[in-house]
Every structure is written in structure tokens, then in C-alpha cells.
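So this first bit is one chain, no partners, the form predicted alone, shown in C-alpha cells.
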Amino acid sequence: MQDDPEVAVLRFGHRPGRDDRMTTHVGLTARALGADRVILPDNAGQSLETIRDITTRFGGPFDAELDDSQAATIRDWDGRVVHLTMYGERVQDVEGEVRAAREETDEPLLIVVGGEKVPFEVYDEADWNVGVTNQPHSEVAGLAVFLDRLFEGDELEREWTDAEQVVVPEETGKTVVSPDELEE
């Protein structure tokens, strides 16, 4: 989260038409649960625009960008790399090690979330291949659980800046107001 070493999420692969909603949700989950930015494949422009729109409306800071060489981004990353996969080590067995490495080295962390068959090179380049339950499920769910474990719930108390709209927490109803209305 913003004052710590950077946490970036890389969406590896995107099939237009098939993955649009999932890729968008990877970015929105990264934003909502504490990552500093999301890096999307260069063919995911629609998802990029949606993520930027949500950040403008509901606040940041959060960055979203397109990347035309995801394998090179992983290979050249100046920090540690976590690859989320159902075949990895159990999240509960490595979360402390990942958190400690991030805090001790003050290096940025890249979290790779696959969108199609991930090449074996990604497994090799990663410092940790991490599985959330080691069962088939949504990559968005895996990212959400991993980020919550990484930040130990602190991301849920995050302050959003420059928001145009704010959701008012309430037992029932759906109230969205401008930040000015909250101050009244």
C-alpha cells in the first residue's frame, strides 16, 4: 500500500471477448485490496479504461497501465515475484515469508495472476508459486485472499483520496454521495 514498497499486480494473458470481465475484476480487486498498480496485457484496453474510470470516481491513488511484454516485465522486475497458481505452495505456509521478505528488503513485489495457460518460465522466474486452496477457483478470489493475507487486513482501513463519489456503509440500501456531502 502506498507508503510501503510497491505492490503491483500483473495480469498475465488476456483473451479479448472471453476475459474482459475477469481482467477488469483483477484490476479492481488489486485496487480495492491494497495494490499500488495493475499491469495489463496490451490487448486489454477496455479493462484499462474501466479501472481508470473507477479510480477517478472512487479515489486512489492507483495506477493502471498496458504492457506489451509481460514475460520481460517478470524477468526484469527489480524485486520479488509471487505467482498465484493452484499448483503452488499453500498460501498459509508462505505468507509470512513473503511479508517478511518484502519488509526486510524494501523491494517492490510483483503478483502475477494468470489469464490463460501460463508458460513454465513464469513458474521458474517467480520467487514463490503460491496456491490459495490448491483447488480450481477464480483467479480474482485467489488475488483477494492473497492481498488480504499480505496486508493482514490493513487494506480494509485504507483512506481514498480525490474521490468524486463515496459509498456510505449501511445495513440496507445503496447510498453513494459526493465527498462534500459526507463532511456536512
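What you see is a predicted model, and the numbers here were worked out from it, not measured in a lab. Residue indices: 1-based, along the sequence shown.
Omitted from view is the form predicted together with a further copy of the same chain, to which the following refers.
The shortest heavy atom separation between residue 75 and a further copy of the same chain in the predicted complex exceeds 4.5 Å. When a further copy of the same chain is considered in the predicted complex, residue 153 lines it closely, a heavy atom lying within 4.5 Å.
Taking the partner from the other structure, a further copy of the same chain in the predicted complex has no heavy atom within 4.5 Å of any heavy atom of residue 162. Interface membership of residue 101, defined by any non-hydrogen atom within 4.5 Å of a further copy of the same chain in the predicted complex, is ruled out. Every residue in the set 22, 89 and 134 has a non-hydrogen atom no more than 4.5 Å from a further copy of the same chain in the predicted complex.
For the stretch 17-56, the set of residues having any non-hydrogen atom within 4.5 angstroms of a further copy of the same chain in the predicted complex comprises 18, 19, 21, 22, 25, 28, 29, 31, 32, 33, 54, in sequence order.
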